[in-house]
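Next up is one chain by itself, shown in structure tokens, the form predicted alone.
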Amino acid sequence: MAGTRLDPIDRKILAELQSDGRMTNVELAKRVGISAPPCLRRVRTLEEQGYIKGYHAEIDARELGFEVQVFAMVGLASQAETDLSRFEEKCRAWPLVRECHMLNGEVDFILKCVAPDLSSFQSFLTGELLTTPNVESVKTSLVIRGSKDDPGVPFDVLEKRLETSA
């Protein structure tokens, strides 16, 4: 099972950093119950092994004037790997697309988009997304409000799974 290669201290380090990636190494070490030097070594190892992919600030898009958030469900005419890869590449190049996920089911991709206003999103939709080769259909849903936005993984669930499998 994934997560079993990490010991409880490593998992606690990950949980603490996920909650607050700006804390000092001294504070982190205190929270996980070890001294600072081995804590820093563990963090570096977790980074090198790919468990920690980066550190980011949570930005309030509305405070910066991005008032519109839209989910776009995209259907492609062809699901050949080269076509899927081309579409993913296109999504990475569009600044308004903040997330892109390939799905199983009725649609091929869901895109999370942000824009300053509806007019800007409409320009992107009609001038970029709908004119992209292989895009067959697009359905959009405007976000009225967000109710939950927890990044990462639920470490309490991981710990319970590890307890029951032991």
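Numbering starts at 1 and runs along the sequence shown. All figures in this text were calculated on a predicted structure; none of them were measured in a lab.
Note that the form predicted in complex with a further copy of the same chain isn't included here; everything after this is about it.
Think of it this way: in the predicted bound form, a further copy of the same chain has a heavy atom of just one of T45, S120, S137, T132 within 4.5 Å, and the residue is S120. a further copy of the same chain in the predicted bound form comes within 4.5 Å of no heavy atom belonging to F124. V97 belongs to the set of residues with a heavy atom inside 4.5 Å of a further copy of the same chain in the predicted bound form.
For the chain shown alone, V143 is a contact residue for a further copy of the same chain in the predicted bound form, at least one non-hydrogen atom being within 4.5 angstroms. Taking the partner from the other structure, a further copy of the same chain in the predicted bound form has no heavy atom within 4.5 Å of any heavy atom of L76. Residues S141, L142, V143, I144, R145, G146, S147, K148, D149, D150, P151, G152, V153, P154, F155 are the members of 140-155 with a non-hydrogen atom no more than 4.5 angstroms from a further copy of the same chain in the predicted bound form.
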